[in-house]
Structure formats: C-alpha cells, structure tokens
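Take a look at this single chain in structure tokens; it is the form predicted on its own.
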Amino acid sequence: MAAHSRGHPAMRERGFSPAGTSPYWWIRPCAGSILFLSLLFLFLFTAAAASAAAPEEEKFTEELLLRPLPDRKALAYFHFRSSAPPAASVGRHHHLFPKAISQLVKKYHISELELSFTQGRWNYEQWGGFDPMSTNNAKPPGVELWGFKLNEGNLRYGALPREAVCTENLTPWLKLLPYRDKAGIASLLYRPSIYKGYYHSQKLKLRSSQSLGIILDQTLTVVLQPNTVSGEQLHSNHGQLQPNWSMRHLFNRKLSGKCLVSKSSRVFIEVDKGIVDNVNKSGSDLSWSNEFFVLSNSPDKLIKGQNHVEIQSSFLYVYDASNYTEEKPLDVGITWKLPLVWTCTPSPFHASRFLMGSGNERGSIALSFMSTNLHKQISGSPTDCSIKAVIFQVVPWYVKVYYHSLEIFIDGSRKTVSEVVDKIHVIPSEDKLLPGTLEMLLRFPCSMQSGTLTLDFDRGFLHIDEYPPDANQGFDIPSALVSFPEFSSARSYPEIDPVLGSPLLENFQEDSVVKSYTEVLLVPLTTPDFSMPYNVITFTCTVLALYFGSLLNALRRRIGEEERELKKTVVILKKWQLLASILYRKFVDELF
C-alpha cells in the first residue's frame, strides 16, 4: 500500500511527499498555497490602502446644558453639531449632514452664516452678561442674520424685529437633524414646555472652508420656570428655597438614551460662579451632594471652568447619555437643601435704549449706559483707566437721523464728541431702498457711573401701499449691538480631557468679546385713516346710485299713459265720494 501511494501520480501532483522520503514533507509549500497567500496579501494591502485613502466621515454630536438661574428659573441649552468633510472627498451625497445646507453653501459660496429666531429678551441683569452663553446665544427679538461670502470681506446683515417665532419655525429646524425629535436629546423638545418659557432662541451657525469642510451648529436656548411646587416652601431660618427641578419637570419627558448615529451624547449641569463662591465660603466641596444642593444622579465626570482672568467661574457635572436606556432613563435634576442667593457676572455696562420727544414729526433716540463696577472686581485695574465700547445700529430709511446732533452726557455733565468718540462710521439710508448703519467706537472712563447718548431724528412719510396691516401699532427699530472689545467671555477647562471632544465646550473656549443687545424701539409714524377710502367709495356709490336711478326713471317714464291712469283714478275717487255722500244722507234721514 505504501508503494502504491508513493507511485500515485495524483498524490505527487498535489504536492504530497511520499512517506519516508523526508521527515519535513508537511512544510513544503505547494503551488496552490503560494497562490492563496499571494491573493490574501494582495487583499490585505488593498484594504489597508483603501482605508488610508478613505475620506473623513460625517459626524453628528448632541449635547444639553442645564443651569439654575438666580431668579428661580432654569436655563436649558441644546447644542447639535453636524459636520461634513470637504466636498471633493464626498461628492454630492450625504449620510448625516443636511443636503439642503450643503447645496446652499455651494451655490452662494457662503463662508460663515448665523441665523437666529428669538422670542423674548435676554435678562442681562439676572441671567448674566459676561459668560459665553449670554455673549454668543443671547439674541435680539425677532429674526437676525449675519453672513459672509467666500473671497468677500463685506458683512451681510438683516433683521426683522417683529417676526413671530412659533412651532412653524422649530419644525424645519428639527428637520435638519438626522433623527429630528424622535431620538436622543432632541426627543426632549416637547412643544408645550418649550414655548411656555420666558425666553426662546433657536440658531443656526454655519462655517465652511476648503480645508475643514462644512460645520453646522444648531442651538436652542430656553429659559423655563420649573413646573414644581416643592421649591415654594419657606426655610425656617434663611428665607425661601430655590425651586427643585429635573428633566421631567422642565420638558415633561426623560432622556431614554443617545441617538444611534451621534458620535457623542452628553448632558451637563452647570453651577454658576456665584454658587461656587458660596459653597467654597462654607468650607464644603463641590461634589454632586453637598451642604447646599444634591443632584438626583451621580455624574460621570466633574469639570472645573475658569474665565479669562484665571478665576474659577463655573463647575460642570457631566452625564453620558449612552449609559442610559428606555428601561433606565436619565432624569437628572437638582434639589436644594438650603436657601442660596447669588448673582451672575454682568457686562461692564448695562445698555438700554429709549425714545424721547412727543408728536409725530420729530424725536430723539437715547442710549443709556449704567456701570456695573466690573473693573473693580479685576485686580490691577486703576481708577483712571478707560473702557472701550463699540455700538452697531441699523436705522430704517423711514427714520431720518441727524448724525450731527449727537450729544453725550457722562454722570450728568455734557461732553464733547471728541472726548468720548474715537471713531465713527456712518452709511446714510436711501429712501425706500436701503437702511442706514451707524458704528461708533467709544471710550468711557472707568469711574463713570452713567452715560447717555442722544440723536435727533425726523419721522418719515410712507406711501399708503407701504404700510403694514397693523400700522397703528408703530414701526420697529432693530436692537443695537453693544460690544466691549477689551473683555473676553472665553472660558478654559484645565482638567478637561482632549479626547472628550465636546463641541459645546469648544465653543465656550473660543475667544469672543463680551456683547449685549438693547431693546427694540417702537416708533409711531403718521398714519392715515385707512377707513376713509371705504367711506369715500360708499358715499360716491350712493350718490351715483341716486343720480342714475332718478335719471333712468325720468327717461323711461311715459307721460300719456300716466295722464290716462290719473284720470281714471280721479273718476273712481269721485264715484266713491258720491256713494259716500248718498249713504250719509240716508243714514241721517232714518235717524231723524
């Protein structure tokens, strides 16, 4: 049998060595094995080369920040980021990034765009004016648009102060998300809870470049009143407690896990600098359960934040939404143990705006500044220093502003323009075409407690076709933007892990100047009586109807027939009179 095996041609053909010829016959490669190994090596090399040359994938992240406010309210800040690599590597197809935004960028060559829809006004006195939240996400009422185009240095700006914000604006905003509001953090956007708040602002921020691709940030900032009665109780010694709240109290829902396509999904509970200072003074630590408050869930991570002067300004408790499911949802909240009073860090000056004058012909716009003495809180700030402020104002064409009438008052005393204004740039408006713009660089002394700027203007006249349906309500002047270029609202997180990759915290770390918006001004203009056309039309039609009716009656009347009819009527009347007289005589004769 062994001899037969050694001489078998099939065995030799397949590379088998006869038994007894070599002790290592089993390691001799055959032709089939060499071909298999070559193909395997080629496949692995091709896969490695393809993975190395594969384009960067699209990414989506979702985050939520919750913060208690000093006036017994709660702030909710939703942040969603969608990013797409450069168009040359992905073509025209997208998996996560909204295609409508990509087409908009390619068609109009947009490098940067920011669009916001806001209802209500940010309370800079109570909710802060020196942090990234108020600087980047506090927007004026109505609609505001900022835009830059590639290879162009011109700024495109537009504002609609009276534009109403409702669910019709939120629905297309949600359609830009991969899962809309069906999963992840976006599922907390319960409409009745969102729109009953004191402040609501949804924003789109778009950035594009040939090297980074397109980055779309969708943010929603809401200030809500916690829906709970447990916080209304009075403490026996120190006064009223802050209201307790959780996700269920704020949004009427719990978070049942992350969105499946999101790279990261986190929830932050932020404690403001005022709370941090009170806790530190008491000697307690800022754990999730301390002397003043306790969180309903133990956080996954703690992050300390610092402002630009290297002072601890906040504390973040981080929760990873991927650790929670529908069976174990996340309902993080805060419960207060002791009454606590604190204030948020304000901007260097509180800016407000109002109208002066009476009548429908002339008036004045006044911009007031009230010092918050912020410079005294910064070490090394002398009393004879100065604070820069930049004012940007868009003036509609129907408000004729006299820029030469600018007057400045500091602490009640009048100052010359050259003493306060370093630079001024004015673009006059064009009637019925373009609004005007005013930009001023001011320099206020640090010792200033109050300052006022006034500008005179004339009210214009509009054609009847240019009035809106509610013209008697008045006409709006968009909010003025006041920025302080010497103050930065950026925060740093020394203990943060670079691997964390939080777009929300990255935005907080960006170097941005402190800025705030003023109120929207309502200017009454001379308005015609819109009922007069109706009255004139009615009166004219009545006169014409009477005239033509009488004319047609006179033209169609037949005189001969009327005379015959009149004679017949006279004869009949005479007969009736004769009959009546006969009957009367008979009655008298019978009676006497």
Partner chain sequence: MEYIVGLLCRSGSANPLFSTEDAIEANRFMKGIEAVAGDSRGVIGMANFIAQQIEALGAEVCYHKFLPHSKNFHPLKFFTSMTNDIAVQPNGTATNFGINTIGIVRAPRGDGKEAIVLVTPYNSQRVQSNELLSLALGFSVFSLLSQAAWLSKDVVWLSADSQFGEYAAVSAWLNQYHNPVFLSHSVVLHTKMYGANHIYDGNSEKTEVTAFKRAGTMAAALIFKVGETRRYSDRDSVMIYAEASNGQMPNLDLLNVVHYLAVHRQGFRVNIAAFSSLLSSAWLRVIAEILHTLGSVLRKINPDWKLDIAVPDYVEGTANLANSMYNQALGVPTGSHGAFRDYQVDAVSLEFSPTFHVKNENAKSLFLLRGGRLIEGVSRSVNNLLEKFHQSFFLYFLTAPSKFISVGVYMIPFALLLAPLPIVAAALADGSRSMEKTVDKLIDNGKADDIADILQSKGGSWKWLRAAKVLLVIQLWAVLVSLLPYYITQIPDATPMQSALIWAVLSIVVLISLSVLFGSPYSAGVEWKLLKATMITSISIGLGLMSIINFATAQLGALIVIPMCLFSRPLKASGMNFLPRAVLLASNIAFAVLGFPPAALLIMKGVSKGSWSWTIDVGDFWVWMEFLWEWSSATYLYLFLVHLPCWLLCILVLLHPCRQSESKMKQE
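Numbering follows the first chain given and starts at 1. Throughout, rigid core stands for the largest set of C-alpha atoms superposing within 1.5 Å between the two forms. Bear in mind that the values here come from a model prediction, so they are computed numbers and not experimental data.
A second form of this protein, the form predicted together with the partner chain, is not displayed here; the remarks below concern that form.
Asker: Taking 162, 473 and 530 as the candidate spot, are all three within 4.5 angstroms of the partner chain in the model of the complex by heavy atoms?
Answerer: Judged in the model of the complex, 162, 473 and 530 all sit within 4.5 Å of the partner chain.
Asker: Name the stretch: of 391-399, 281-289, 464-472, 430-438, exactly one has residues whose heavy atoms fall within 4.5 Å of the partner chain in the model of the complex.
Answerer: Stretch 464-472 is the one.
Asker: To verify the annotation, which of these, 458, 320, 411, 510, has a non-hydrogen atom within 4.5 Å of the partner chain in the model of the complex?
Answerer: Selected residue: 411.
Asker: Which pick from 502, 134, 119, 208 sits with a heavy atom within 4.5 Å of the partner chain in the model of the complex?
Answerer: Partner contact (heavy atom, 4.5 Å) among the options: 119.
Asker: Determine whether any heavy atom of residue 252 comes within 4.5 Å of a heavy atom of the partner chain in the model of the complex, and answer yes or no.
Answerer: Heavy-atom contact with the partner chain at 4.5 Å: absent for residue 252.
Asker: Looking in the model of the complex, any heavy atom of residue 112 within 4.5 Å of the partner chain?
Answerer: Flag for residue 112 set to no.
Asker: With a 4.5 Å heavy atom cut-off, would you call residue 520 a contact of the partner chain in the model of the complex?
Answerer: Close contact exists here: in the model of the complex, residue 520 approaches the partner chain to within 4.5 Å, heavy atoms only.
Asker: Check residue 359 for me: does it contact the partner chain in the model of the complex (non-hydrogen atoms, 4.5 angstroms)?
Answerer: Because a heavy atom of residue 359 falls inside 4.5 Å of the partner chain in the model of the complex, the answer is yes.
Asker: Residue by residue through 268-307, tell me which have a non-hydrogen atom within 4.5 angstroms of the partner chain in the model of the complex.
Answerer: Contacts from 268-307: none.
Asker: Core-aligned, is the CA shift for residue 526 between the shown form and the other one 2 angstroms or more?
Answerer: No, shifts by less than 2 Å.
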